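Consider the single chain below, provided in C-alpha coordinates and representing the form predicted on its own.
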(Lines give C-alpha, C1' and ligand atoms only; values in the text may rest on other atoms or scores of the structure.)
Protein backbone atom coordinates (compact mmCIF):
# COMPACT_ATOMS: atom_id res chain seq x y z
CA UNK A 1 0.00 0.00 0.00
CA UNK A 2 2.81 2.41 0.76
CA UNK A 3 4.34 1.85 -2.67
CA UNK A 4 1.03 2.40 -4.46
CA UNK A 5 0.39 5.59 -2.52
CA UNK A 6 3.87 6.93 -3.20
CA UNK A 7 3.58 6.10 -6.90
CA UNK A 8 0.20 7.80 -7.11
CA UNK A 9 1.57 10.93 -5.49
CA UNK A 10 4.49 10.97 -7.92
CA UNK A 11 2.13 10.66 -10.89
CA UNK A 12 -0.07 13.42 -9.48
CA UNK A 13 2.91 15.77 -9.24
CA UNK A 14 4.05 14.97 -12.78
CA UNK A 15 0.64 15.27 -14.41
CA UNK A 16 0.19 18.56 -12.58
CA UNK A 17 3.13 19.98 -14.52
CA UNK A 18 0.93 21.23 -17.35
CA UNK A 19 0.09 24.85 -18.07
CA UNK A 20 -3.47 26.11 -18.28
CA UNK A 21 -4.29 26.57 -21.98
CA UNK A 22 -4.69 30.32 -21.69
CA UNK A 23 -1.71 30.80 -19.36
CA UNK A 24 1.25 29.33 -21.23
CA UNK A 25 4.20 31.58 -20.36
CA UNK A 26 7.28 32.86 -22.08
CA UNK A 27 10.64 33.72 -20.60
CA UNK A 28 14.39 33.15 -20.58
CA UNK A 29 16.61 31.15 -18.25
CA UNK A 30 20.35 30.50 -18.33
CA UNK A 31 22.80 28.25 -16.54
CA UNK A 32 26.51 27.58 -16.67
CA UNK A 33 27.54 24.00 -15.95
CA UNK A 34 30.98 22.38 -15.85
CA UNK A 35 32.40 19.30 -17.43
CA UNK A 36 33.76 16.57 -15.18
CA UNK A 37 36.54 14.03 -15.38
CA UNK A 38 35.82 10.53 -14.13
CA UNK A 39 38.40 8.75 -11.99
CA UNK A 40 36.60 5.41 -11.95
CA UNK A 41 35.07 5.27 -15.42
CA UNK A 42 31.48 4.63 -16.49
CA UNK A 43 31.58 2.68 -19.74
CA UNK A 44 28.64 0.47 -20.56
CA UNK A 45 24.99 1.08 -19.73
CA UNK A 46 21.63 -0.61 -19.41
CA UNK A 47 18.25 0.61 -20.63
CA UNK A 48 17.18 4.14 -19.61
CA UNK A 49 20.78 5.28 -19.08
CA UNK A 50 21.40 3.10 -16.05
CA UNK A 51 25.14 2.51 -15.57
CA UNK A 52 26.63 -0.98 -15.54
CA UNK A 53 29.01 0.17 -12.83
CA UNK A 54 29.37 3.06 -10.41
CA UNK A 55 31.73 5.95 -11.15
CA UNK A 56 33.29 8.88 -9.33
CA UNK A 57 34.48 12.14 -10.86
CA UNK A 58 36.03 15.52 -10.21
CA UNK A 59 33.81 18.41 -11.30
CA UNK A 60 35.93 20.93 -13.21
CA UNK A 61 36.01 24.69 -12.83
CA UNK A 62 36.91 26.42 -16.11
CA UNK A 63 35.74 23.83 -18.65
CA UNK A 64 32.09 24.83 -18.81
CA UNK A 65 29.07 25.13 -21.09
CA UNK A 66 26.89 28.22 -20.96
CA UNK A 67 23.31 27.62 -22.07
CA UNK A 68 20.45 30.08 -22.51
CA UNK A 69 16.90 28.87 -23.13
CA UNK A 70 14.22 31.21 -24.43
CA UNK A 71 10.72 29.72 -24.38
CA UNK A 72 7.35 30.82 -25.78
CA UNK A 73 3.98 29.10 -26.23
CA UNK A 74 4.11 26.40 -28.90
CA UNK A 75 1.71 26.75 -31.84
CA UNK A 76 1.29 22.98 -32.01
CA UNK A 77 0.56 20.14 -29.63
CA UNK A 78 4.25 19.30 -29.28
CA UNK A 79 7.46 21.07 -28.34
CA UNK A 80 9.41 22.90 -31.00
CA UNK A 81 13.07 23.79 -30.73
CA UNK A 82 15.98 25.47 -32.47
CA UNK A 83 19.50 24.88 -31.17
CA UNK A 84 22.51 27.13 -31.72
CA UNK A 85 26.08 26.16 -30.84
CA UNK A 86 28.45 29.13 -30.69
CA UNK A 87 25.89 31.23 -32.53
CA UNK A 88 25.30 28.83 -35.43
CA UNK A 89 22.24 26.64 -35.96
CA UNK A 90 23.24 23.02 -35.40
CA UNK A 91 20.78 20.44 -36.71
CA UNK A 92 22.82 17.47 -35.47
CA UNK A 93 22.53 18.60 -31.84
CA UNK A 94 18.96 19.71 -32.45
CA UNK A 95 18.06 16.09 -33.17
CA UNK A 96 19.87 14.90 -30.03
CA UNK A 97 18.07 17.45 -27.87
CA UNK A 98 14.74 16.56 -29.46
CA UNK A 99 15.35 12.92 -28.47
CA UNK A 100 16.31 14.08 -24.99
CA UNK A 101 13.09 16.09 -24.64
CA UNK A 102 11.08 13.06 -25.77
CA UNK A 103 12.78 10.96 -23.07
CA UNK A 104 11.82 13.32 -20.25
CA UNK A 105 8.24 14.21 -21.19
CA UNK A 106 6.95 11.90 -18.45
CA UNK A 107 8.90 14.03 -15.95
CA UNK A 108 8.13 17.44 -17.46
CA UNK A 109 5.01 17.19 -19.65
CA UNK A 110 4.80 21.00 -19.93
CA UNK A 111 7.63 20.82 -22.48
CA UNK A 112 5.07 19.87 -25.14
CA UNK A 113 3.37 23.23 -24.65
CA UNK A 114 6.47 25.31 -25.41
CA UNK A 115 8.69 26.40 -28.26
CA UNK A 116 12.40 26.67 -27.42
CA UNK A 117 15.34 28.60 -28.78
CA UNK A 118 18.52 27.30 -27.16
CA UNK A 119 21.95 28.93 -27.36
CA UNK A 120 24.98 27.10 -26.00
CA UNK A 121 28.73 27.61 -26.03
CA UNK A 122 31.74 25.80 -24.54
CA UNK A 123 35.02 27.09 -23.18
CA UNK A 124 36.81 24.04 -24.61
CA UNK A 125 36.93 22.10 -27.91
CA UNK A 126 33.77 20.10 -28.57
CA UNK A 127 33.90 16.29 -29.01
CA UNK A 128 37.63 16.08 -28.22
CA UNK A 129 37.18 13.98 -25.10
CA UNK A 130 36.47 16.66 -22.48
CA UNK A 131 32.88 15.56 -21.90
CA UNK A 132 31.08 18.40 -23.65
CA UNK A 133 27.90 16.35 -23.44
CA UNK A 134 28.24 16.32 -19.64
CA UNK A 135 28.46 20.09 -19.33
CA UNK A 136 25.99 20.82 -22.12
CA UNK A 137 23.26 18.42 -21.05
CA UNK A 138 23.59 19.30 -17.37
CA UNK A 139 23.30 23.01 -18.20
CA UNK A 140 20.18 22.32 -20.27
CA UNK A 141 18.67 20.13 -17.53
CA UNK A 142 19.24 22.90 -15.00
CA UNK A 143 17.51 25.37 -17.32
CA UNK A 144 14.49 23.08 -17.62
CA UNK A 145 14.31 22.69 -13.85
CA UNK A 146 14.51 26.47 -13.54
CA UNK A 147 11.49 26.79 -15.84
CA UNK A 148 9.63 24.23 -13.74
CA UNK A 149 10.47 26.01 -10.52
CA UNK A 150 9.64 29.47 -11.92
CA UNK A 151 6.14 28.47 -12.97
CA UNK A 152 5.14 25.52 -10.79
CA UNK A 153 7.20 26.06 -7.59
CA UNK A 154 7.78 22.31 -7.26
CA UNK A 155 11.56 22.50 -6.72
CA UNK A 156 11.89 25.06 -3.94
CA UNK A 157 14.37 22.93 -2.00
CA UNK A 158 17.92 23.07 -3.38
CA UNK A 159 18.49 19.35 -2.89
CA UNK A 160 15.25 18.52 -4.69
CA UNK A 161 16.09 20.93 -7.53
CA UNK A 162 19.56 19.47 -8.08
CA UNK A 163 18.42 15.86 -7.78
CA UNK A 164 15.78 16.34 -10.46
CA UNK A 165 18.30 18.17 -12.65
CA UNK A 166 20.69 15.25 -12.21
CA UNK A 167 17.92 12.77 -13.10
CA UNK A 168 17.03 14.71 -16.25
CA UNK A 169 20.67 15.20 -17.24
CA UNK A 170 21.31 11.45 -16.97
CA UNK A 171 18.68 10.79 -19.62
CA UNK A 172 20.49 13.16 -21.98
CA UNK A 173 24.02 11.98 -21.25
CA UNK A 174 24.95 9.59 -18.47
CA UNK A 175 28.00 11.48 -17.20
CA UNK A 176 26.03 14.74 -17.26
CA UNK A 177 24.26 13.74 -14.05
CA UNK A 178 27.58 14.17 -12.19
CA UNK A 179 28.11 17.75 -13.46
CA UNK A 180 25.13 19.02 -11.48
CA UNK A 181 27.31 19.01 -8.34
CA UNK A 182 30.72 20.41 -7.46
CA UNK A 183 33.76 18.60 -6.09
CA UNK A 184 33.84 14.82 -6.06
CA UNK A 185 30.63 13.18 -7.29
CA UNK A 186 29.44 9.55 -7.29
CA UNK A 187 26.96 8.06 -9.74
CA UNK A 188 25.73 4.49 -9.62
CA UNK A 189 24.87 2.24 -6.73
CA UNK A 190 27.93 1.15 -4.75
CA UNK A 191 28.37 -0.16 -1.21
CA UNK A 192 31.29 2.26 -0.89
CA UNK A 193 28.82 5.18 -0.87
CA UNK A 194 25.54 4.33 0.93
CA UNK A 195 23.57 7.28 -0.49
CA UNK A 196 24.54 6.48 -4.10
CA UNK A 197 21.89 5.77 -6.74
CA UNK A 198 21.59 4.72 -10.38
CA UNK A 199 19.07 7.38 -11.45
CA UNK A 200 20.99 10.42 -10.24
CA UNK A 201 24.40 11.40 -8.91
CA UNK A 202 25.27 12.44 -5.36
CA UNK A 203 28.04 14.74 -4.12
CA UNK A 204 30.76 13.17 -2.02
CA UNK A 205 30.71 15.61 0.88
CA UNK A 206 32.06 13.42 3.65
CA UNK A 207 35.24 11.36 4.00
CA UNK A 208 37.23 13.50 1.57
CA UNK A 209 40.81 14.29 2.59
CA UNK A 210 41.69 18.02 2.34
CA UNK A 211 44.31 17.35 -0.36
CA UNK A 212 41.45 16.64 -2.79
CA UNK A 213 39.50 19.82 -2.06
CA UNK A 214 41.50 21.87 -4.57
CA UNK A 215 43.04 19.23 -6.79
CA UNK A 216 44.42 20.52 -10.10
CA UNK A 217 43.69 19.23 -13.58
CA UNK A 218 45.74 20.64 -16.43
CA UNK A 219 44.13 19.34 -19.62
CA UNK A 220 46.62 18.76 -22.43
CA UNK A 221 44.99 19.03 -25.85
CA UNK A 222 46.64 16.43 -28.07
CA UNK A 223 43.98 16.63 -30.77
CA UNK A 224 41.19 19.22 -30.90
CA UNK A 225 39.26 17.42 -33.63
CA UNK A 226 36.01 15.53 -33.31
CA UNK A 227 36.26 11.92 -32.14
CA UNK A 228 36.01 9.18 -34.79
CA UNK A 229 33.64 7.17 -32.56
CA UNK A 230 31.12 8.83 -30.27
CA UNK A 231 30.79 7.91 -26.62
CA UNK A 232 27.22 6.77 -27.25
CA UNK A 233 28.46 4.30 -29.86
CA UNK A 234 31.27 3.19 -27.55
CA UNK A 235 28.82 2.38 -24.77
CA UNK A 236 26.75 0.28 -27.15
CA UNK A 237 29.77 -1.79 -28.13
CA UNK A 238 30.19 -2.88 -24.51
CA UNK A 239 27.16 -5.15 -24.97
CA UNK A 240 29.30 -7.50 -27.07
CA UNK A 241 32.73 -6.83 -25.57
CA UNK A 242 34.17 -10.16 -24.34
CA UNK A 243 35.76 -8.45 -21.34
CA UNK A 244 32.69 -6.46 -20.23
CA UNK A 245 31.72 -8.60 -17.22
CA UNK A 246 35.28 -8.60 -15.87
CA UNK A 247 35.47 -4.86 -16.45
CA UNK A 248 32.31 -4.14 -14.46
CA UNK A 249 33.60 -6.27 -11.60
CA UNK A 250 36.95 -4.47 -11.70
CA UNK A 251 35.24 -1.07 -11.63
CA UNK A 252 33.20 -2.07 -8.59
CA UNK A 253 36.34 -3.13 -6.75
CA UNK A 254 38.18 0.02 -7.81
CA UNK A 255 35.38 2.21 -6.49
CA UNK A 256 35.85 0.82 -2.99
CA UNK A 257 39.64 1.12 -3.14
CA UNK A 258 39.61 4.64 -4.56
CA UNK A 259 37.04 6.05 -2.16
CA UNK A 260 39.11 4.73 0.75
CA UNK A 261 42.19 6.41 -0.74
CA UNK A 262 40.27 9.68 -1.13
CA UNK A 263 39.15 9.48 2.48
CA UNK A 264 42.65 8.81 3.80
CA UNK A 265 44.62 11.02 1.43
CA UNK A 266 46.47 7.98 0.08
CA UNK A 267 47.99 9.49 -3.08
CA UNK A 268 49.92 6.37 -4.10
CA UNK A 269 46.71 4.35 -4.29
CA UNK A 270 44.85 7.26 -5.87
CA UNK A 271 47.45 7.39 -8.66
CA UNK A 272 47.51 3.63 -9.19
CA UNK A 273 43.74 3.27 -9.53
CA UNK A 274 43.23 6.47 -11.53
CA UNK A 275 45.83 5.57 -14.15
CA UNK A 276 44.66 1.96 -14.34
CA UNK A 277 41.08 3.11 -14.92
CA UNK A 278 42.16 5.43 -17.73
CA UNK A 279 44.04 2.69 -19.56
CA UNK A 280 41.28 0.15 -18.97
CA UNK A 281 38.74 2.51 -20.54
CA UNK A 282 40.78 2.65 -23.73
CA UNK A 283 41.47 -1.10 -23.57
CA UNK A 284 37.70 -1.61 -23.75
CA UNK A 285 37.62 0.44 -26.93
CA UNK A 286 40.49 -1.53 -28.45
CA UNK A 287 38.84 -4.87 -27.62
CA UNK A 288 35.38 -3.95 -28.90
CA UNK A 289 34.02 -5.37 -32.15
CA UNK A 290 34.67 -3.44 -34.26
CA UNK A 291 37.72 -2.22 -32.38
CA UNK A 292 38.84 1.39 -32.44
CA UNK A 293 41.47 3.61 -30.88
CA UNK A 294 41.06 7.20 -29.69
CA UNK A 295 44.53 7.64 -28.24
CA UNK A 296 47.13 9.23 -30.52
CA UNK A 297 50.92 8.72 -30.61
CA UNK A 298 51.41 11.94 -28.65
CA UNK A 299 48.97 10.67 -26.01
CA UNK A 300 51.39 7.82 -25.33
CA UNK A 301 54.38 10.15 -25.34
CA UNK A 302 52.77 12.40 -22.74
CA UNK A 303 51.76 9.47 -20.52
CA UNK A 304 55.30 8.09 -20.54
CA UNK A 305 56.82 11.50 -19.73
CA UNK A 306 54.39 12.03 -16.82
CA UNK A 307 55.33 8.67 -15.33
CA UNK A 308 59.04 9.37 -15.78
CA UNK A 309 58.71 12.81 -14.16
CA UNK A 310 56.87 11.31 -11.18
CA UNK A 311 59.56 8.67 -10.78
CA UNK A 312 62.39 11.19 -11.04
CA UNK A 313 60.95 13.85 -8.72
CA UNK A 314 58.60 12.04 -6.34
CA UNK A 315 55.90 14.63 -7.14
CA UNK A 316 52.49 12.85 -7.05
CA UNK A 317 51.31 13.84 -10.51
CA UNK A 318 49.30 11.36 -12.56
CA UNK A 319 47.19 11.18 -15.70
CA UNK A 320 43.72 10.16 -16.68
CA UNK A 321 41.92 10.11 -20.01
CA UNK A 322 38.36 10.70 -21.02
CA UNK A 323 36.90 9.08 -24.13
CA UNK A 324 39.37 10.85 -26.39
CA UNK A 325 43.06 11.52 -27.02
CA UNK A 326 43.59 14.36 -24.56
CA UNK A 327 45.41 13.92 -21.27
CA UNK A 328 44.14 15.20 -17.92
CA UNK A 329 47.14 15.84 -15.68
CA UNK A 330 46.07 15.53 -12.04
CA UNK A 331 48.08 16.76 -9.05
CA UNK A 332 47.73 18.42 -5.63
CA UNK A 333 47.58 22.22 -5.72
CA UNK A 334 50.73 22.47 -3.61
CA UNK A 335 52.73 21.15 -6.59
CA UNK A 336 51.18 23.41 -9.23
CA UNK A 337 54.31 25.48 -9.90
CA UNK A 338 56.56 22.47 -10.51
CA UNK A 339 54.02 20.58 -12.62
CA UNK A 340 53.20 23.55 -14.84
CA UNK A 341 56.92 24.16 -15.35
CA UNK A 342 57.33 20.51 -16.36
CA UNK A 343 54.40 20.74 -18.79
CA UNK A 344 55.65 23.94 -20.42
CA UNK A 345 59.23 22.72 -20.68
CA UNK A 346 58.73 19.08 -21.68
CA UNK A 347 55.17 18.35 -22.79
CA UNK A 348 54.24 21.42 -24.80
CA UNK A 349 55.84 19.97 -27.95
CA UNK A 350 53.28 17.15 -27.99
CA UNK A 351 50.23 19.42 -27.84
CA UNK A 352 47.99 20.71 -30.60
CA UNK A 353 49.02 24.34 -31.11
CA UNK A 354 50.50 24.27 -27.57
CA UNK A 355 46.91 24.21 -26.29
CA UNK A 356 46.21 23.35 -22.68
CA UNK A 357 43.57 24.27 -20.12
CA UNK A 358 44.67 25.00 -16.56
CA UNK A 359 41.71 23.66 -14.64
CA UNK A 360 40.92 22.04 -11.33
CA UNK A 361 38.17 21.04 -8.94
CA UNK A 362 35.19 23.38 -9.23
CA UNK A 363 32.16 24.23 -7.13
CA UNK A 364 29.54 23.20 -9.66
CA UNK A 365 26.97 24.98 -11.86
CA UNK A 366 25.93 28.63 -11.67
CA UNK A 367 22.57 30.23 -12.37
CA UNK A 368 23.16 33.07 -14.84
CA UNK A 369 20.77 35.99 -14.36
CA UNK A 370 19.20 37.07 -17.67
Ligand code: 2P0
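Residue numbers count along the first chain shown, from 1. Computed from a predicted model, the values in this text were never measured in an experiment.
In what follows, reference is made to the form predicted in complex with the named molecule, a form of this protein that is not presented.
Practice prompt. Would you check whether the named molecule, in the predicted complex, lies within 4.5 angstroms of a non-hydrogen atom from each of 30, 65 and 162?
Written response: No: none of 30, 65 and 162 comes within 4.5 Å of the named molecule in the predicted complex.
Item to complete: Would you mind picking the one in 272, 151, 235, 296 that has a heavy atom within 4.5 Å of the named molecule in the predicted complex?
Response: Spelling it out, the residue with a heavy atom inside the cut-off is 235.
Worksheet item: Which of 306, 38, 339, 330 has a heavy atom within 4.5 Å of the named molecule in the predicted complex?
Response: In short, 38.
Worksheet item: Taking the partner as it appears in the predicted complex, which of 341-349, 297-305, 317-325, 66-74 has residues with heavy atoms within 4.5 Å of the named molecule?
Response: Heavy atoms within 4.5 Å of the named molecule in the predicted complex occur in 317-325.
Worksheet item: Is residue 111 a contact residue for the named molecule in the predicted complex, using a 4.5 Å heavy atom cut-off?
Response: No, residue 111 sits far enough from the named molecule in the predicted complex that none of its heavy atoms falls within 4.5 Å.
Discussion item. Considering non-hydrogen atoms and a 4.5 Å limit, does the named molecule approach residue 166 in the predicted complex?
Written reply: So residue 166 does not count as contacting the named molecule.
Worksheet item: Does the named molecule come within 4.5 Å of any heavy atom of residue 175 in the predicted complex?
Response: It does: once the named molecule is placed as it appears in the predicted complex, residue 175 has a heavy atom within 4.5 Å of it.
Worksheet item: If you check in the predicted complex, is residue 43 within 4.5 Å of the named molecule, heavy atoms only?
Response: Close contact exists here: in the predicted complex, residue 43 approaches the named molecule to within 4.5 Å, heavy atoms only.
Fill in: Heavy atom within 4.5 Å of the named molecule in the predicted complex - qualifying residues of 260-274
Contacting residues: none.
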